[in-house]
Structures are given as C-alpha cells and as structure tokens.
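Have a look below at one chain only, the form predicted alone, in structure tokens format.
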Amino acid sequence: MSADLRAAVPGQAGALLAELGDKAVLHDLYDEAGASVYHAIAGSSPLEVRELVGALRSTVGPILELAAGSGRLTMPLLTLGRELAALELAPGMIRILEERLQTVPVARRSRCTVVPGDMSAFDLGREFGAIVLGATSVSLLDATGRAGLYRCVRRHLAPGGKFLLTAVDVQDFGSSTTEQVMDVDGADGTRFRMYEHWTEGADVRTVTVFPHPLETAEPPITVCTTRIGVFPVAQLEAELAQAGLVLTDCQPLPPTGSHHHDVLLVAEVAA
C-alpha cells in the first residue's frame, strides 16, 4: 500500500482507514483492483445515458468515446448504429469492457474499436462526427491535462462535429468542509459505503469506497480512493474558448440525490 495514497485520504474515511491498519489494502479506484469496484458501483448506472444518446442523435458520422471505462456509456452508444471508438487508459477497465463486448451481438460488437490511450494525449489519425466524455471524467484531469484534452478534441473533430461532455456544477457544494456518506448497492449484489470529502476552496474532492458492512469483510479489505477536480462550469467554458472550442449548449442533468449536480455541455470548433 502506498503511504502517500493512504495519507491523502481525509475525514471520516481517513480515520476509518487508520483504524483498519494493515487489514486494509488501499487502491486507486482506476487501477486493476479498483476497476472491478468501479464497475460494480457505476457499470450499469443510467445517469446521463438518455441525455447523451439523445444529443448524439443530432450528429452524424463515427463517434469517439473518451475515458470509456468499463463500458457504461459504450453499450448504449452502440445502439445508435454508428461506428464507435472507445478510448480508455486503465488496463483493468479495458479488460472489463472487452469482456462485456463479447456478450453483445456480433453485428453491434463489430462497430466498436477499443483503443488503449490517454484522453489528454491521443492521436488516432482520423476525425469523428462527435466526441463524448461522460461520467464527469473531465474532473479527473488537472489544468495541463485538460489543455491536452481540448487540443486532441479539436484535432479529431470533423467539420460541424460536436464535443459532448458532462461536468459537476460546484455552485451547490456549500461552505466550509462538506462530507457526504452514501451507501451504494453494486450491480453484482455487493454493497459499498462511499465517503466524499471536500473543503471549501480546495481544487479537488476525495472519494473513498469501503465494502459494506465493514464488520463482515474478511482481510485483506479492498478500499479504493480517487481525487476529483473541483472547478466551476464557467471555468470550463473559458478553457474551451481558449482552446478554440465554443460552447453551444449547457443543460442540467436530472438530479441524482447527491449534494451537487451535473450538467451536459456541448461545444463545437469556433468558426
């Protein structure tokens, strides 16, 4: 276990991790062990799916999905009947995605190409009618990573193409230190307790996931954590404009019951 990773876990989750001591093994939520936990929690979530698929119906040509993960969006995107490239960096996520693709009809599966790659630095040598970055994954990138993302998106968008991304609207995060504790049922029947910690003014929030109930978990106990960027939508709009991408639409997504809300942004290459 990385001592630096353990030390970065704040609040109640950090205290619980310290209490568990050597009984817990801490992983990044996107590494090989974390990928399975991520998929159990979010792999079949319907969040933002309807809105993204609906928005894509007004585009034409092949679709590029960035940070495809374990395929939560990939599967419904394939129902559009268009060629899809699914780019993902984490080997554990790619493994799950490829396993899932084997379960869909061949005709649909044949339209999808899984591409190992970094969403902030990729060159596929082709253009797409639409590029999608869901699951508020833009928040996983720092300023340098986001600048790289925008450059790559602009390079890969066909004339008239659209860049669709979802982001967290941080206006409702509140003040002082905010800590949310949520119990989550995994798609495979497993249960988790998720701790989300953010301090006012901080540029990241920390999400840490424990099995639940913890009392019945057998050591070694897998605990997963990740740090997610916090920045206003207005900052994203300014960054897009600086990169030559103009925001053409911004709409709220249905509330999820959490203390913050997500939005769908649509951008095009500036004329």
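Residue numbers run from 1 along the displayed sequence. Note that the structure is predicted; figures quoted are calculated from it, not measured.
Quick note: we don't show the form predicted together with a small molecule, though the next part is all about it.
4.5 angstroms heavy atom contact with the small molecule in the model of the complex for Ser137: Residue-level check for Ser137: yes, a contact with the small molecule.
Using the partner position in the model of the complex, report whether Leu89 sits within 4.5 Å of the small molecule, counting heavy atoms only. Because a heavy atom of Leu89 falls inside 4.5 Å of the small molecule in the model of the complex, the answer is yes.
Would Tyr38 count as a contact of the small molecule in the model of the complex, using a 4.5 angstroms cut-off between non-hydrogen atoms? Judged by the heavy-atom cut-off of 4.5 Å, Tyr38 is in contact with the small molecule in the model of the complex.
Would Ala158 show up as a contact with the small molecule in the model of the complex if we use heavy atoms at 4.5 Å? Output for Ala158 is no: heavy atoms all beyond 4.5 Å of the small molecule.
Heavy atoms within 4.5 Å of the small molecule in the model of the complex: which of the stretches 241 to 249, 56 to 64, 205 to 213, 30 to 38 has them? In the other structure, the partner sits against 30 to 38.
Answer with one of Leu164, Met93, Val153, Cys112: the residue that has a non-hydrogen atom within 4.5 Å of the small molecule in the model of the complex. Only one listed residue qualifies here, and that residue is Met93.
Please pick, from Ala85, Leu77, Ala130, Met119, the one residue with any non-hydrogen atom lying within 4.5 angstroms of the small molecule in the model of the complex. Residue within 4.5 Å of the partner: Met119.
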